[in-house]
Structures are given as structure tokens and as C-alpha cells.
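This document opens with one chain alone, in C-alpha cells, the form predicted on its own.
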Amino acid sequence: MNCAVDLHMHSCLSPCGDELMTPNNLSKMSVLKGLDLIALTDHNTARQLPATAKVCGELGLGLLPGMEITTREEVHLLAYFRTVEEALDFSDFLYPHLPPIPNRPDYFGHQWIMDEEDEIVEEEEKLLISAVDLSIDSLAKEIIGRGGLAIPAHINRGSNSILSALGFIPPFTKFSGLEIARSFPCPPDPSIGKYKHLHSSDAHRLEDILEREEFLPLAAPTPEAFFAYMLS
């Protein structure tokens, strides 16, 4: 079946995410827009996933657990996992590699962790948009070693992309695919063609979540079906 997807969005836990991007709001907006499978990919953390998974389960909406990591090279790398538990384990591994820089909510925005009722249960104090002290290659190996997928984000964007930071796709790093930003042309690099491509919204606001316009040929709107497609 063709599943309508949006596999890159941020909640209000990401400091750059709008405060209205709560677990309920982003999930229900995705249903209203006709999506079958979404991925929540907050910056350097998976701690909003448990509440979002509960909401998505009640709505019958597929959820792919993920996060967007800022590597040592300032490259954004998407990590996807089959289960929320696997994503949380990786999130716990990643947290000590973030520098101890406190968030400034007045400047960057709040970093709210919510429950399934959109009640704030905690505010993360460490700034989540900092770069971790791990390279993109070592992170890809760690993600893959844990059974996940490592996919460079918005490779054709002018900032925080692998092409803007490195100038090329490292040929020996086992990426599972590439995310191509919809609003920019794809670079004429022949190495890009050997990967599967994803096109997502990178939504930080509710109105930016995709309509029913990007499709993947998945057996079902589930993480397992997505992994089967990406690894085929």
C-alpha cells in the first residue's frame, strides 16, 4: 500500500519547536491532514516519544520513533528505531555527549516534556540544539549497531547539512538513505542516486506538517514496514 508519511517533525521539547506542537496537537493535526505514518524527531532526545506514542495509538496513527542529532561536524542526522524503548535507550546514551550548556527559554524557547494529556511534567534544562561530541561516522555506527537507521537530514539545505559541512557523502559510512529538503533543488551528485530518498516537512509548527502528498510503498503504516522498505 502507499502510505502518506511525514517523517521529520519537532515537538515543543525541541527549543525551536512551537509551544503548540504538543503530543496531542501534532498527532491530531497529522490525522486531520490524512497522514498514515509520522516520525517525531526532536533535537538530540527521544523523551517526548512515550506520550506521543500513546496518543498515536489511540488515534490509529502510525508512529516511527526517531530523533534529529547534531553531530560534532554540525550536521543534522536522523536516527530511526523500531520501538520507543530503543529510541529512549539511544537518547540516554546520547545525553552525556551534549555539552553542559543551559537552555535560555527567553532566547531559544522552552523545552517541555509532556504526558499524553499535554500536561507539562518536566522542563529540560540542558540546551538540546547543541552539537554532541561525536562524529557523524561514529554516530551512524552506533545507531546501526543498535538496530536503527541513520539518515542525513535535508542534505541540500545550506545549513546543518552533510553537503554544506563536508561537501560530499562519505562513501564508507553506511547510511540507510538520504533526506532531501523539498524546498531546494537536489544537487547533481551521482552518489546521491544510490540511496533511497525521503521528503519530509521538518515541521516546527502545526501548519507546516505535510498534507497527504508524500507516499512510501509500505506494507503497513508501521516502523517494521518502514524498516523493511528502507533495508530492501
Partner chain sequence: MTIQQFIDLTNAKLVTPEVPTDREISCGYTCDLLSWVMAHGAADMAWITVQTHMNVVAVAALMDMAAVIAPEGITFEAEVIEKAQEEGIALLECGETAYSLCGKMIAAGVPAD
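Numbering follows the first chain given and starts at 1. Keep in mind it's a predicted model, so treat the numbers as computed, not measured.
The form predicted together with the partner chain exists for this protein as well; it is not shown, and the discussion that follows is about that form.
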{"property": "Heavy atom within 4.5 Å of the partner chain in the predicted complex - the one residue of E116, E86, D137, E124 that qualifies", "result": "D137"}
{"property": "In the predicted complex, the residue from A53, A181, A165, L206 that sits within 4.5 Å of the partner chain by heavy atoms", "result": "A165"}
{"property": "Contact flag, R82 vs the partner chain in the predicted complex, heavy atom cut 4.5 Å", "result": "no"}
{"property": "In the predicted complex, E73 touching the partner chain (heavy atom, 4.5 Å)", "result": "yes"}
{"property": "The partner chain contact in the predicted complex: G193, any heavy atom under 4.5 Å", "result": "no"}
{"property": "4.5 angstroms heavy atom contact with the partner chain in the predicted complex for P187", "result": "no"}
{"property": "Residue stretch of 156-164, 142-150, 107-115, 86-94 approaching the partner chain in the predicted complex, non-hydrogen atom distance within 4.5 Å", "result": "156-164"}
